[in-house]
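First, one chain by itself: the form predicted on its own, in structure tokens.
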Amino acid sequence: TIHGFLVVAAVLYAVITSSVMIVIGRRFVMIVERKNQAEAEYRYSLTRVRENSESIALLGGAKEEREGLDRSLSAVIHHWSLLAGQHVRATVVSQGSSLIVPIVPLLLCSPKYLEGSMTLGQMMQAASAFAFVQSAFGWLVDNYPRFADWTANASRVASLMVSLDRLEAEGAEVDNRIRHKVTTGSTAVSLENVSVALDDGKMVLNEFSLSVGHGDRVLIEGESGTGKSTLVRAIAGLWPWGQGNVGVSTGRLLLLPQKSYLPSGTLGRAVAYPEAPNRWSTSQLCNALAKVGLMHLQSQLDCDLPWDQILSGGEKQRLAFARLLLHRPDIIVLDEATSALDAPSQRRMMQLLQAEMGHATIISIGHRADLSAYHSRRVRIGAQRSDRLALSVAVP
């Protein structure tokens, strides 16, 4: 049992220590959030430098990058030092409270002991009961650092969820979003008064219309900054900002960006991506590599190496064409997919595309004048007309 006045004292003691912990640790959550943010920015900076290490070395930017990384690391260390200080103060309050707890009931019971109404054994039992009750009331004091860390992480996740919900709500506003539909008949891709905007509302393409039939090959040209690549994202359904209607027929659409993505793992996985490599036999994978001029890689299909760093830009783009030969999509969108190739290599890839993928609808984005020879139509963004061209390249 415990005397009533000791219960009141235990409650008051827990309120006082919890209040002190809250006052001392009021910046705990903010410091944890800033520490997490600094660590995330530092990891991103390291990843970015690693991915672009060759360009940095060629430009002689090692010193500048090191200074930037040092600043990011200094921010991480600074926030960790602030967090360590908060932990020290919280530990002082927590451990100090634990040391004082056994003394408080003895001081409160000493008058009764001195007047003889409480024996020594009763006083020690009361002190033990007080410590037990106070430990239950003092949960916040003992767990405040962990509670603050949990709160900071929960706040970060909640911010992400709020941002995602806001994007979904904005996506539901049809008036300010590009609408997608499935085309029928002879039309493979249709663009009806498509206006493409940046996420800040600035229009980069205004009321663009285009109709592409099955098997057509259309080259879209235009100066830099006219929204060509953003239009490609809109066709693929990845860019909702804007207005108008985008129609794509049933069937598989495959997009080849300027910078081809290579997943980690074996070379076979990179060639077969986004499907699993076991969907095709080794001979099929080797045949695809041979057709795009990557015969020297045939023996390394099972090698697990950092291929994104090993292969050159031109090899990555030729590997992307090998993916086309494997997946054989119905609609192909090339977003400057031959920009890293020299003229003869580009000619071989485009001729290969004509020979192997004659059934496919092709929409190309490019700047090179010689690309027009491989397309039946040329559309220039910003112009009021589209020029029809005859295919002038013989397909072997």
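Please read these numbers as outputs of a predicted model, since none were measured by experiment. Note that residue numbering follows the sequence shown and begins at 1.
The discussion below concerns the form predicted in complex with a small molecule, not included here.
- The small molecule in the predicted bound form comes within 4.5 Å of no heavy atom belonging to Thr266.
- Contact annotation for His296: none of its heavy atoms lies within 4.5 Å of the small molecule in the predicted bound form.
- Though the partner is left out of this view, Gln258 does reach within 4.5 Å of the small molecule in the predicted bound form, counting heavy atoms only.
- Taking non-hydrogen atoms only, Arg26 never approaches the small molecule to within 4.5 angstroms in the predicted bound form.
- The partner is absent here, but in the predicted bound form a heavy atom of His367, alone among Arg50, His367, Arg66, His359, sits within 4.5 Å of the small molecule.
- In terms of contact with the small molecule in the predicted bound form, the residue from Ser211, Ser98, Ser229, Gln243 that brings a heavy atom within 4.5 Å is Ser229.
- By the 4.5 Å heavy atom rule, the three marked residues Glu223, Arg233 and Glu336 all count as contacting the small molecule in the predicted bound form.
- Looking at 275-283, 309-317, 202-210, 98-106, the stretch with residues near the small molecule in the predicted bound form, meaning non-hydrogen atoms within 4.5 angstroms, turns out to be 202-210.
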